[in-house]
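The form predicted alone is given below as one chain in structure tokens.
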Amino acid sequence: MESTTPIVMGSDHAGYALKEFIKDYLVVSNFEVEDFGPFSEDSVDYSDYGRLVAGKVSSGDFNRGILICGTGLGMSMVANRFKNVRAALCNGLFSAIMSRRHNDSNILVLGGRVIGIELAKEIVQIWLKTPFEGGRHQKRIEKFDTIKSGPL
């Protein structure tokens, strides 16, 4: 795995331990990591940290982010409200690969109470090294930000 871009990270209290493990792994792997917190296992609201990370990816300050909460569901919901964010909840290798190949996901979301640390490390590895295929998938992604809420 080759470091090419800084990664922004955040979690809630339920994802704190896994965030710390993944952050340490990335640093040892020569990635630059900016940790937006939290910095303890004290109870916090996942939405606060999801907003921080997704906002940084949405603005273009970071190309990639990782969010972790208990199930990954809440962080996914928060992050995907931001323009230009394609957050993918991946609790397996296949979903991590496909989220990159076909969806060009730019935020990886993990469930800290769902997967173990070794599987999480493998998911992060494969997610970071899998390229976006482009082509027909690019056209589909370009439609994301044109979707308006409400009935069709």
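In case it trips you up, residue 1 is the first one in the sequence shown, and so on. All values reported here derive from a predicted model rather than from experimental measurement.
The discussion below concerns the form predicted together with D-ribose (RB5), not included here.
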**Study point:** One stretch from 52-60, 66-74, 26-34, 92-100 that, in the predicted complex, holds residues within 4.5 Å of D-ribose (RB5) by heavy atom
**Key:** 66-74
Review point. Would residue 128 show up as a contact with D-ribose (RB5) in the predicted complex if we use heavy atoms at 4.5 Å?
Key: no
Check your understanding: in the predicted complex, which residues of 102-121 put a heavy atom within 4.5 Å of D-ribose (RB5)?
Key -> 113
